[in-house]
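Below, in structure tokens: the form predicted on its own, a single chain.
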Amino acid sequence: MTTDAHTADQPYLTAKGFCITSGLWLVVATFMGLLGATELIAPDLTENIGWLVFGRIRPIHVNLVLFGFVTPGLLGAAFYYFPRLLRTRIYSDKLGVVTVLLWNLTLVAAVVSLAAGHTQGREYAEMIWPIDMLVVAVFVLVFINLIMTVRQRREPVLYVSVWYVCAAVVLTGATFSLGNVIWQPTSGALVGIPDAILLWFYGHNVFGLLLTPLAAGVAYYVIPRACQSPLYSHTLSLLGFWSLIVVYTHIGTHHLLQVPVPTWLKVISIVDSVAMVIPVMAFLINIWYTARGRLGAIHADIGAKFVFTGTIMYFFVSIQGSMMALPQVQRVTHFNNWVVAHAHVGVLGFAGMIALGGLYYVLPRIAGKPLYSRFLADFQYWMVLIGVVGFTSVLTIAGLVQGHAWLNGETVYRVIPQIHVYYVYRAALGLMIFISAVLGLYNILRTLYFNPGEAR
């Protein structure tokens, strides 16, 4: 892995922009999540305030976590390590700044339109057609900047992180266009079962072909650098890359086992869901063996600490995901809070932790100064970790209560009082996450712009 490309006087404007974007929208996204969790406890809290009802808050929260927090955070790290791995400058920092500005404009438009009730009504694909086109545009701009950087590189060997990032941007641009049916501007949807199949092809791949490869790219860069040791196996990294691309693409239909989807498609989704153990373990073995005997170095670097914890979360969420794809398991776990727990440990625990790790690893390097406050970063680490583990625990319990009650013929509304206490715990944990997000944004801004240059 080559690391002698950039000099300290180069500004990393694009990386800075994405880092600030991630920190800022994490605050907004977690506030929306906290508000939604509070509404589940007290439904009358926002009564008669249309733009704050749960049905509008939830898609805002989900889309901001995906496209406002995690993706920009991972891209911020990528725009730092890309030129270092390729021994060249980023193709165009001006293009990068334009991309960051357009990205934030898209997010503002998404929040305003969803709060106003303008939605396509499809999970993970709620944004209306004009905003869909803006999302596609920003991915095209990111791809142009990255691929042109690869084209003008002085390093002949492409390290695996470069593979993952380029694949993530290209494949997401394609799957987003398909999943949001952008050739149907009036509806943004097909009709019936084909629409459900296409939606979940996209819905699952927004995690598997966007967040997962971007997070893997960050982990493959940060962990060897923090440990000051070479990657355990480049061959294993490529096995993990290609098996992820081949296997993950087809598993979205495991969300539709209860509906009249063709049986062959269900079988493929189940088999590939179980086969996900191949790319997952290839990645984890590679990272963990790289870090073997060097956990002290990881603990000493707050960025690596976040990233390594994210890889542990990846193990749990992937094993859980493979298990949930089995029809007998889905009889209990589907359509309830078990799935919500699974989503939180995947997006926040795995990809979110690694995004924060990437941020904290690159911030001092792009600022040319130490992190403003290691204490605040450590505090955020523990708040996020406690929040993720807490979310997973209480929502899994609530989901099992719901699933077994429904399996035994109980009606939906009679189960609600039984899970109310878990919703209270959920909101309390959400408050912790929100507070940590505010402190994290403060730490980011102080590191970049108001930092006296002395470590704390």
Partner chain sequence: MKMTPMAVVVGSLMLLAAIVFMVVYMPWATRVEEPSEILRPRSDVEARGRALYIANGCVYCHSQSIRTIDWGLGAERIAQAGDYILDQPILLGSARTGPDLSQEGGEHPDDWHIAHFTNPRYTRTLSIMPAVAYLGQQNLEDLTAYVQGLGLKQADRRMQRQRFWKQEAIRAYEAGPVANVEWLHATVPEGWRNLPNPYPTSEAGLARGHKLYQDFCLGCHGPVGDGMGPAQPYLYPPPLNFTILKDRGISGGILYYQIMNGITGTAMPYFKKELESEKIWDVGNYVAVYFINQSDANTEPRGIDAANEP
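Residue numbers count along the first chain shown, from 1. What you see is a predicted model, and the numbers here were worked out from it, not measured in a lab.
Beyond the structure shown, there is the form predicted in complex with the partner chain, which is absent from this document and is the topic of what follows.
Visitor: In the predicted complex, which of 45 to 53, 27 to 35, 392 to 400, 66 to 74 comes within 4.5 Å of the partner chain (heavy atoms)?
Guide: Result of the contact check: 45 to 53.
Visitor: Consider the chain as shown here, without its partner, and state which of Pro230, Gly293, Gly368, Gly121 has a heavy atom within 4.5 Å of the partner chain in the predicted complex.
Guide: Only one listed residue qualifies here, and that residue is Gly121.
Visitor: Considering non-hydrogen atoms and a 4.5 Å limit, which listed residue (Val345, Val384, Leu209, Val111) is close to the partner chain in the predicted complex?
Guide: It is Leu209 that has a heavy atom within 4.5 Å of the partner.
Visitor: Does the 4.5 Å heavy atom contact test between Val421 and the partner chain in the predicted complex come out positive?
Guide: Outside the cut-off, so no.
Visitor: My question is simply whether Thr175 lines the interface with the partner chain in the predicted complex - judged by any non-hydrogen atom within 4.5 Å.
Guide: Within the cut-off, so yes.
Visitor: Consider Phe335 of the chain shown here, and say whether it contacts the partner chain in the predicted complex, taking contact as heavy atoms within 4.5 Å.
Guide: Residue-level check for Phe335: yes, a contact with the partner chain.
Visitor: Hey, in the predicted complex, is Arg331 touching the partner chain, heavy atoms inside 4.5 Å?
Guide: Answer yes; at least one heavy atom of Arg331 falls within 4.5 Å of the partner chain in the predicted complex.
Visitor: Select from 174 to 198 the residues with a non-hydrogen atom within 4.5 Å of the partner chain in the predicted complex and write them out in sequence order.
Guide: Contacting residues: Ala174, Thr175, Leu178, Gln184, Ser187, Ala189, Leu190, Val191, Gly192, Ile193, Pro194, Asp195, Ala196, Ile197, Leu198.
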